[in-house]
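Below you will find one chain, with nothing else, as structure tokens; this is the form predicted on its own, and questions on how it binds or moves follow later.
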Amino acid sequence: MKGLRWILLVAALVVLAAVPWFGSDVLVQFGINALLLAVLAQGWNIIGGYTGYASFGNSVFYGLGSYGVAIAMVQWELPFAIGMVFGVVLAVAFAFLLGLPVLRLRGHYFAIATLALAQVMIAIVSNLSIAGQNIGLVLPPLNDDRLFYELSLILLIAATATVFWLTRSRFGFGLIAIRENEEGAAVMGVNTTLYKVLAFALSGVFSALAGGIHAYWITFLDPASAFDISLNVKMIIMAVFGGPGTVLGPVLGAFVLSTVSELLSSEITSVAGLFFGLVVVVAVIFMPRGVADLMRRFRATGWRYFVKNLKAHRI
């Protein structure tokens, strides 16, 4: 059974890698968006799913990664790879400088504090001449969707492999202990502050890399789009829909919801947002632990899985 799962996983990767060589331009562009959203969901999964801290600050990491690439390429005329490194450095520095005080908060206090970070960054970047202020920056175009697709796929594989490592490492066990009982984890010898900041930084690395790829792909950047809080909401919804605290759940959630959103937008544009929201609400009620948990338990419990969740919500 385990061997079959690996075979299916490898087959799925082969199919995904072949998309830009055999798919249409529209499919490739959709694929880039879906893959980058999956990376963001997987990045949020590290701090939200495994550590248990519902961060709304990952959009800041995304924006810093985007501006790292844009500033390096436009203002300093450096290669894209250097810009990616610069964006990651900005994200990690931000995670350590602000993670130490902010991660001392818990629950909705932490969520509110991280929610405010995006607005603060918009105000700061809008007044920096090196970042183009409110006007933004225009990056040199590179019309190679195949390259951006493969870069996005490689980044998703790296993010998923990192999450897989968490499920088998002492560091990952420490994060899960913090999620379940932070005081108990501290008593057992886990350096909770260090672990949380490292998880925050690791989450930021993947968000920043995704932002850098996206910025070079669309070739334009401004503060409002770079630090868009709605993007953070999307990554949380996709991770929760797929199954937070699992290896493949956020990836499944990102792919499914990206597809649903694309279909609704093309078929019934005027009410696409309403139907998308309805799909999410129904999914949370019927399968609160996500698609990954549904796939694991439905064979054993059948329709009782949904009935149990309905009773848990007292509906």
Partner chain sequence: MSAVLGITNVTRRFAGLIAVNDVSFTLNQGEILGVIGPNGAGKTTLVSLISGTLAPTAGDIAFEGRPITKLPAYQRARLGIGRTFQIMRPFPGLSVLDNVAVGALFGHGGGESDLDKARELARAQLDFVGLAKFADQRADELGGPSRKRLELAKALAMQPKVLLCDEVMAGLNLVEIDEVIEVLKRVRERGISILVIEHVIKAIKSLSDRLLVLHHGEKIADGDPDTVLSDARVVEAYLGRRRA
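Since the model is a prediction, treat every value here as computed from it, not as a measurement. Numbering follows the first chain given and starts at 1.
Below, we refer to the form predicted in complex with its partner chain, which is not included among the displayed structures.
For this session: Given that the partner is absent here, state which listed stretch (124 to 132, 174 to 182, 79 to 87, 138 to 146) has heavy atoms within 4.5 Å of its partner chain in the model of the complex.
Result: The contacting stretch is 174 to 182.
Exercise. Are any of the heavy atoms in residue 189 no more than 4.5 Å from a heavy atom of its partner chain in the model of the complex?
Worked result: Close contact exists here: in the model of the complex, residue 189 approaches its partner chain to within 4.5 Å, heavy atoms only.
Problem set entry | Touches its partner chain in the model of the complex: residue 108 (any heavy atom, 4.5 Å) | Residue 108: no contact with its partner chain in the model of the complex.
Exercise. Contact between residue 119 and its partner chain in the model of the complex at 4.5 Å, heavy atoms?
Worked result: Because no heavy atom of residue 119 falls inside 4.5 Å of its partner chain in the model of the complex, the answer is no.
Exercise. So, in the model of the complex, is residue 75 in contact with its partner chain at a 4.5 angstroms heavy atom limit?
Worked result: Looking in the model of the complex, residue contacts with its partner chain do not include residue 75, since no heavy atom lies within 4.5 Å.
Problem set entry | Residues of stretch 149 to 168 in contact with its partner chain in the model of the complex (4.5 Å, non-hydrogen atom) | 167, 168 sit within 4.5 Å of the partner.
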